[in-house]
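Take a look at this single chain in structure tokens; it is the form predicted on its own.
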Amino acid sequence: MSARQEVEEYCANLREILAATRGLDRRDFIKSVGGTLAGWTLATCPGASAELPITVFGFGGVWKKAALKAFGEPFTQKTGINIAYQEPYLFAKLLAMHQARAMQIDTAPVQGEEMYQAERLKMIMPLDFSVIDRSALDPRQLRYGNAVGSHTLSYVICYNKKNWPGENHPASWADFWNVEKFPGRRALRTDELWTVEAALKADGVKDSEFYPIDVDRVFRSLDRIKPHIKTWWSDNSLSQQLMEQEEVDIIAMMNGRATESIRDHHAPFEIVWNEAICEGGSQGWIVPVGCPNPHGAMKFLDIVGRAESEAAFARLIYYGPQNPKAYDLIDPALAKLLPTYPANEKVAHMVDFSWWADNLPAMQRRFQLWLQS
């Protein structure tokens, strides 16, 4: 059986799993996927098990568990290529290896302004479409040319339904900033990018006039909300704790963590998709120049961009797939909780990371000084 046929068999098996487990919660889905994968055989092509491992450079925690379950285990089962996982992902470390010409990473999920930096510094190998099946990908996954888009996340407002049980609830960043109309304990992230974008939306700036960012206007907006922030959080798990223990009434946090807390841990909160600060298609898996096993890495990218893999990843971590065909494999009730669901994407604010690639260091300095003032 050829390598391409092996991957097609994997996709067919995963489609069956996704269909059979439709409607199961994440915990039961993990059990089902794990049991099925254990029964799969390794690729039968000669020498497959002798291939060099690939080193994946990714995030830790639940992200790592989801990535290994949705991408890593099926990849190893179907190719015989083992994965060495390094965490946590840091672009600065990837850049240092590139500059030293001592690349140890075979593939990594680069995102946001880092993608622009990687492109400018010629850190990315061209995609090998003799290994990667281009027909299985959507054009939006290839917007950066040499990266395969996998998932998307958003920074969203979440409010406690006990405080606002009816239709009169916070529904925009202006509402988050409106402490008179919507009084309550608030929490924001100590991150210059997501919170700066939210501050400008709260000040009424239209998307068509958003960039270049009016920095002075941003900080005037932040000055208004700062006295009303009960907690500034930096760790995703803390944002979930604040929500689940009802230590705040309204919070801005990443959509995947919010959905996990609401759907799996029964936090009495609701996500506001209007004006979600969305990274769009800025994330993509790359193969760095000078990596030890580029051929194995290309085989991995052939897995991560497919609709079946992205649907599995979305069910495990609640980030939106970039391959639209993945939605055919996701239960509609869950699909509506993902940032790339068409209705959610339609009302989102898309971040222009090209602006941030040019301005991030200066914004980091000013934002941190402002927090400390």
Partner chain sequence: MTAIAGHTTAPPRMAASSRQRIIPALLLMPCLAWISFFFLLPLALMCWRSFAAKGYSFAAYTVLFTSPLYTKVMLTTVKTASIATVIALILAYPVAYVLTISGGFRRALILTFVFIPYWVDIIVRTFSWLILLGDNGLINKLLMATGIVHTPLELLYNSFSVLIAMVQILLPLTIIILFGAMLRIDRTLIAAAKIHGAGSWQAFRTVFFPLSLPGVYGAGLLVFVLSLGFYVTPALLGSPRQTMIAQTIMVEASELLDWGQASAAGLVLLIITTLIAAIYNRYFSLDRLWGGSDA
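Because the structure is predicted, anything quoted here is derived from the model rather than measured. Numbering follows the first chain given and starts at 1.
Unshown form predicted together with the partner chain; subsequent notes refer to it.
Proximity of R185 to the partner chain in the predicted complex falls within the 4.5 Å heavy atom cutoff.
In the predicted complex, the partner chain sits within 4.5 Å of a heavy atom of K230.
Contact check for Q5: no non-hydrogen atom falls within 4.5 Å of the partner chain in the predicted complex. Contact annotation for L360: at least one heavy atom lies within 4.5 Å of the partner chain in the predicted complex.
Heavy atoms within 4.5 Å of the partner chain in the predicted complex map, among the stretches 298-306, 96-104, 194-202, 176-184, onto 96-104 alone.
Screening N146, N274, Q117, Q86 for any heavy atom within 4.5 Å of the partner chain in the predicted complex leaves a single hit, Q117. Among the residues I81, I262, L242, A252, the one placing a heavy atom within 4.5 Å of the partner chain in the predicted complex is L242.
Of the residues in 355-373, those that come within 4.5 Å of the partner chain in the predicted complex through at least one heavy atom are, in sequence order, L360, P361, Q364, R365, Q368, L369, L371, Q372, S373.
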